[in-house]
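Before any questions on binding or motion, here is one chain by itself as C-alpha cells, the form predicted on its own.
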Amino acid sequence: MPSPTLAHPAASSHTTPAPLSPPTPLAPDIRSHWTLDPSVAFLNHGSFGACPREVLAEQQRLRDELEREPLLFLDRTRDGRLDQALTAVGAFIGATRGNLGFVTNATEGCAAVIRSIDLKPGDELLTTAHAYDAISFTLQHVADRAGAKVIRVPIDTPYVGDDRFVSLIDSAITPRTRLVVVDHITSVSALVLPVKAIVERCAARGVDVLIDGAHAPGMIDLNIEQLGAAWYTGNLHKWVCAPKGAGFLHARRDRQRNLHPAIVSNHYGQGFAAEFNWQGTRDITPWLSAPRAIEFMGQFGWDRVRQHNHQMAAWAQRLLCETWGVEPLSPLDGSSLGSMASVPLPPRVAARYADRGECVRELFERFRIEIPGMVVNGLLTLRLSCQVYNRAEEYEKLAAAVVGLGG
C-alpha cells in the first residue's frame, strides 16, 4: 500500500506533512522522564494525562513553600503568583491574561458557563451526540431546572467532512437556541472539529458558542482569541502534562460580566479576574506548576511534539484498522485526528463483551495494556492516545492482543 502524507487539521504553517509511518522518538529514553509503570503499555494519556518527574518536583517545591507560610502563599502573594502563571499560559494558548481564569478542569469551566445562562422555558441548548458525558449531563440538569431543551446534533461516522458537520449545526439552530456547546476534539471519537467555522456560522445567527477544549491544549496549536468564541475552556493536565487539577476558562471580554466560578466565594461581584483568583481554600500548586509543564515539554519543541504525536496516531489508526479488518471512523490520512484515534473493534471481538468495561479489563489483566473503551454511534471502539513517551511496539502489541481476543 502506498504511504500518503498526513494532513494535520491544526498544524502550524511551518509544520511539514509527515510520512505515514511511526515517528522517530524525540529523545533517547524519553519515557524515563515519567514515573509510569514500565510493565504497562500506557495508551490512555487522554483520560488523565501523566505528569513528568520534573513538573512533579516543581509542584512539590511549591507545596513545601505553601506549607512553610500558608498566609503569605495563599493570601498576600496569591494574586501575583496566579497572574504570572496565567500570563505564561495565555502566551501558550493565544489569550490575554485579563480574559483567563484557572479552573480545576474543563468540566468545571463548562459548568460555570452553562450555569450562567439565563434560560426560559422553551429555550434550547445545542450540543453534539459526541459531547463528553459530564457536559451533556450538565446541560440536561440546567435545562431541566428551567424547562428548556437540549438538542444533540449527530456526528456521522465515518466522518464525511467538516462542511457537512457545520451545516448540521447550522440547520439545528432555531430562534430558541441560547447556546451552542461543541468539543474542539471529541472524547469518544477523537475527531478534531472545525470550531472556528462553527463560531463564525453561529455568530451570523446571533448565537454564542462555548468550546469544550478539554484535549486541545498541547495537542494542537492554539490561538484561542483568533477563534472568537464567547467562551473556551481547556485542560492543562492532559496534553500539556501539568499536574491534575490544572485547567483554564477563557471568556471574551464582553461575556465576562455574569460569569462566576463554580464555587462562589469572597470576591463575588468584584469581576472575572478577582472571582476566579479566589475560589476558596484550595491547592493552587497545579495552576502554578503549569508554566513549568509548558517549559518542560517545550524543550523538545512544541511543533515537534505535536507532529510526533499526530503522526503516531495516524499510523496506529491505520495499523489497527488493517490488522483488525475494520473501517476507520475518520480518514486514514489523519486529517481529522490530533494525537488520539478511536478504532472500532472487530465485530467478532465486540460481540464477546456485554459492555466496554469488560474488554478494557481483559486487555489490562491479560496483556497489561491500558486503553479506554468507547461507544461511538453504536460501535464498541478502543481510543488510543499517543504521547511522546509511547513507542510503536505498544500499538503493535495492542493490534495482536485484540486479534487474540477473537481467537
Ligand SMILES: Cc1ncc(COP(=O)(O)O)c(C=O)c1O
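The first residue of the shown sequence is 1; numbering continues from there. Given the structure is predicted, the values throughout are model-derived calculations rather than measurements.
The next section is about a form of this same protein that is not shown, the form predicted in complex with the ligand.
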item: Among 180-188, 306-314, 272-280, 117-125, the region lying within 4.5 Å of the ligand in the predicted complex by heavy atom distance; value: 180-188
item: Answer option from Leu337, Cys241, Ala214, Met219, heavy atom within 4.5 Å of the ligand in the predicted complex; value: Ala214
item: Contact assignment for the ligand in the predicted complex, among Thr138, Ser330, Asn105, Thr285, heavy atom within 4.5 Å; value: Asn105
item: Contact flag, Asn235 vs the ligand in the predicted complex, heavy atom cut 4.5 Å; value: yes
item: Partner proximity in the predicted complex: Tyr159 to the ligand, non-hydrogen atom cutoff 4.5 Å; value: no
item: 4.5 Å heavy atom contact, Trp302 to the ligand in the predicted complex; value: no
item: Interface membership of Phe92, the ligand in the predicted complex, 4.5 Å heavy atom rule; value: no
